[in-house]
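Presented as structure tokens, the chain that follows is alone, the form predicted alone.
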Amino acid sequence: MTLKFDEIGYWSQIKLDIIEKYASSYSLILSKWVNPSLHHIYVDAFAGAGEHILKNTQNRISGSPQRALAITPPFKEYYFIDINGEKVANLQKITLGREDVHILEGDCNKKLIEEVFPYIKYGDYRRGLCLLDPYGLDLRWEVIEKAGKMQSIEIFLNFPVMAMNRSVLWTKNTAGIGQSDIIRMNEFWGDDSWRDVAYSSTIDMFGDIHNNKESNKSIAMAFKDRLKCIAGFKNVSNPLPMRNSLNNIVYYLFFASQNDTGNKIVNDIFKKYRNQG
């Protein structure tokens, strides 16, 4: 089969720019660290093919893996993961000869927990910047929480609110929702407390109870609380809304870290993009 590259639009380009800008600062700072020196690692859990097609021009552009590989000073190592064999093959092609690159094929939830995160231990003077940009609700909370508890990993996280709305948040009556969608939502959120977060009840003048869906922003801010209070990240950015061509919010981009400097850098970067459209 011929590989079909993912097509991306304006806000996906912004996301790539944001991650590249922060990764450049991150690598520069950690490369200068001495006594002890730090071994810093870049991780892309849903790496894709490493390249994309622009929707408006049909031109091919570098994805997050290629951009990360071009950063100077470089990261010490790179881990790229994807479940699609054709995309993995393309990643292998564009990184041929790079001994500092590790490409893993399979479910990133399993690969991160079992093969990648154990290699980035705080006590071993290793640090990691991890991009979690899932295809919908394909990420599990245990990965996010593990990253927070390890103290050594910073994350950019795609919070896929549009996928959540389409799958489960469109109705409080869970009888109308597929069981597989409920399971995936529970796995992403970490439990079923999203049910209480996503809806509120009001009583009208006649005593009738009405269930109302909370705003996307309210749901995202509730997840921010989970990142801090449960996953244990010291710093969690106010999420940056990422939109489609109709200006609808598709997902929110979070940054979570234990590091005050990293948090300040990302907040400054986010600030530049909050009012763009």
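A residue's number is simply how far along the shown sequence it sits, counting from 1. Quantities reported herein were computed from a predicted structural model and do not represent experimental measurements.
The following text describes the form predicted together with a small molecule, which does not appear among the structures shown.
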item	value
Options 134-142, 191-199, 69-77, 95-103; stretch whose heavy atom lies within 4.5 Å of the small molecule in the predicted complex	134-142
The small molecule: the contacting residue among 115, 86, 181, 107 in the predicted complex [heavy atom, 4.5 Å]	107
Residue 14, heavy atom within 4.5 angstroms of the small molecule in the predicted complex	no
Non-hydrogen atom contact residue 47 with the small molecule in the predicted complex at 4.5 angstroms	yes
Partner proximity in the predicted complex: residue 239 to the small molecule, non-hydrogen atom cutoff 4.5 Å	no
Contact flag, residue 52 vs the small molecule in the predicted complex, heavy atom cut 4.5 Å	yes
